[in-house]
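What follows is a single chain, given as structure tokens, in the form predicted on its own.
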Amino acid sequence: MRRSAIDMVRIAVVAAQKDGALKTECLPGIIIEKPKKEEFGDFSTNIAMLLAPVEKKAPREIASLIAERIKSLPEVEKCEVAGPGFINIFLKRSYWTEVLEEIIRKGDGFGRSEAGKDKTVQIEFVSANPTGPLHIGHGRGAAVGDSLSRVLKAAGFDVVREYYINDAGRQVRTLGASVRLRMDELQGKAITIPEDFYKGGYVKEIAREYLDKYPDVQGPDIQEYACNAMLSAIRKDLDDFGVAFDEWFSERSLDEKGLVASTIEELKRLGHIYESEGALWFRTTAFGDDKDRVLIKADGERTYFASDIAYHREKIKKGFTTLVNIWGADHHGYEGRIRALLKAFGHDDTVLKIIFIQLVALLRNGVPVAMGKREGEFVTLRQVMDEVGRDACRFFFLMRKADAHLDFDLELAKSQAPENPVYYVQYCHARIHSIIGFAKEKGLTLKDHFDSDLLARLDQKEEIEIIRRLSAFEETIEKSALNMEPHRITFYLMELAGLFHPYYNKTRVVTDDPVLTDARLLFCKAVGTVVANGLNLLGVSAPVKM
């Protein structure tokens, strides 16, 4: 609803311009704040102080001119000038309560907007090498990418989710060699595992599975079999985590279509490639990178960056408004070179948005814990998901900004207590469902819409405060989408639940007053609808019973 407050100020300023009270034809960016104290109104703006240097008038004088015009708007109860020129806006109670009618009318569509209309976004996330299971870092990236996709769609963007499969190159060859070695071991041969081979138990499991199917070792190519086996396991983990992709892009397809070679040739034609010390280099420093990058080593082996340039060139060709890459924190050094690539081909690199996923520290009752059990293994997404459940796993991964370090307490995530944020929010939805169920058992029928009589009965301070938070849901989604910060939805839900639970604890919903009961039941339904809509954006369920 804050956007509406911006519109009110804009309307007032434009009116003052048209009738000559204000001379400037330019309108600076309007900043709206929510005062910390109720005595300063619902919203406050410093627009008068921004206009003062241009108008050559005292800010308070300008504020008075604007405030007079804001007062005439139908939504406004009163408007005051305060301090050096702040304008405090007090809105009519109906401005807030009307949102309840909108929630009931729109249901699971409430909060959606067209902020991203006609804009397309490709989000590439997870993209883990198919050489081992997904770890908790991948899990956090999956939660962020999937939730961001949902938020963007809710804000009207057209979204494509993509997984880049690194199924070519040295790491995949090493996986194949690691599985072959384990097959030798299972066949009774003495082996020595090289330092750079994959040592996790999953390697031996793939080797055993292959031998069970093809005891004569005359089956499909072992490297391809191992890669496909890991990719199937990754797909299964993501599916169980509630994450789906629209596209699975194979790195190998870049070579099959000759795209890596053609991209390098185009860079040569543009004069961005040179040879030095037997290697082929991309002059990325010409486009802001901190050093030039090797594409083909002196021994003829291609670097991963060579594939990256072809892949991102294909991305840009698809014409998306925005390209989003969600990378682990260890990929910070890759940003400059990818932006250099876009610039080298004449593209505006602002089309690229990179979100870095910081590390996750696992705790148990506040104490660091390591869940990996054998050499070469690590904490997998599957381990955490199996212990705490998908909902808690996703919610906890989204409790901090993506580039902030995250402490994940396993025992807290499993607990059914108010201290557990996901339980606290989900219980809010379940509690509301229980309230409505109790009313139905009493023979009461839930109204299908608000009328003026019902809205008039919602006059408690706590109810008005909750309604104000409900009214901010659409704005929260838009800001979450535009800033690409899905954790804002998590914060919003925690705050909303924090307002509703105390309200319920002190307020009877089903009372002896039938009109008051109808009003509070429908009010509770509105809260439950917004909680469910918010949880859906996080990919978390909204249970009806807990």
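Start at 1 with the first residue shown and count on from there. Between two forms, the rigid core is defined as the largest C-alpha subset superposing within 1.5 Å. Treat the numbers as computed from the prediction; the structure is a model and nothing was measured.
If you look for the form predicted together with the RNA, you will not find it shown, but the lines that follow are about it.
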Go through 309-317, 202-210, 233-241, 332-340 and give me the stretch that gets within 4.5 Å of the RNA in the predicted bound form, heavy atoms only.
332-340
Using a 4.5 Å cut on heavy atoms, which of A456, A286, I464, A404 is close to the RNA in the predicted bound form?
A404
From F473, Y163, Y427, F450: within 4.5 Å of the RNA in the predicted bound form by heavy atoms is Y427
Is the RNA in the predicted bound form near all of G20, T322 and T350, within 4.5 Å of a heavy atom of each?
no
Partner contact for K268 in the predicted bound form: the RNA, 4.5 angstroms, heavy atom:
no
Residue-level question: is E195 within 4.5 Å of the RNA in the predicted bound form, judged on heavy atoms?
no
Is R488 part of the interface with the RNA in the predicted bound form - any heavy atom within 4.5 Å?
yes
Given that the partner is absent here, does S434 sit within 4.5 Å of the RNA in the predicted bound form, heavy atoms only?
yes
Only counting heavy atoms and a 4.5 Å limit, does any residue of 510-546 reach the RNA in the predicted bound form, and if so which ones?
V510, V544, K545, M546
Large Cα shift (2 Å or above) at A82 between the shown form and the other one, core-fitted
yes
Using the core for the fit, does the CA position of L482 change by 2 Å or more between the shown form and the other one?
no
